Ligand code: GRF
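The form predicted alone is given below as one chain in structure tokens.
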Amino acid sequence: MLPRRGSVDAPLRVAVLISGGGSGLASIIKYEGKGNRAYKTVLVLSDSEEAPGLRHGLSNGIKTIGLTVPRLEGKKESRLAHERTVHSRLVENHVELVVLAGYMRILTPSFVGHWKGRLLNIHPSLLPKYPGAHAHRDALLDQAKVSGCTVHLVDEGVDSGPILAQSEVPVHRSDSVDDLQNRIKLVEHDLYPRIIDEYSTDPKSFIHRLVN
């Protein structure tokens, strides 16, 4: 199910999910504040109460919650309990679009099923190349000359959903993982907020353009 069309007068209510420092979240909030947008960040959630990135939500007056994963007998039970709590917070706050920005948890098919079409992610490679948690390392090991980032809809696989947009970055022979990561982050912070806004404006037409 796709979200409704957002507008300046009635922006889509967005939740941003993070795990770490929140630089992606900061870029989304910054872009939002520079003009009239079709989305509005109304909720920031993290999988840890200690995530440094929570400060970006708090300092901008956005409802911000750290949700530590419960310690239950089994990892599956802990994971499902955490996702139920996340889902409840999204529903309680009337969220219409969920944006993953450095959220380091793989979501279950059950959770994705609730939000499919309304769940975006950015990945630091030119998918389908280098999916997973070590994209920069894998690009360097492959001696790639070009990498970049991909905004995509989340499906039940790992970094396998429909691609909405990509941006390329050169890979230098002297690059370390940190070098490549930092160069790609710069383009992520430019691309992701713009695509969130474009997708929010008319999701159905955005998807239609991709398949035609």
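Residues carry their position along the shown sequence, with the first being 1. Given the structure is predicted, the values throughout are model-derived calculations rather than measurements.
Form predicted in complex with this ligand: not shown, discussed below.
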> All three of 22, 124 and 188 touching this ligand in the predicted bound form at 4.5 Å, heavy atom to heavy atom?
Replying inline: yes
>> When the contact criterion is heavy atoms within 4.5 Å, does residue 101 count as touching this ligand in the predicted bound form?
In response: yes
>> Partner absent here, but in the predicted bound form, which of 161-169, 139-147, 38-46, 180-188 has residues with a heavy atom within 4.5 Å of this ligand?
In response: 180-188
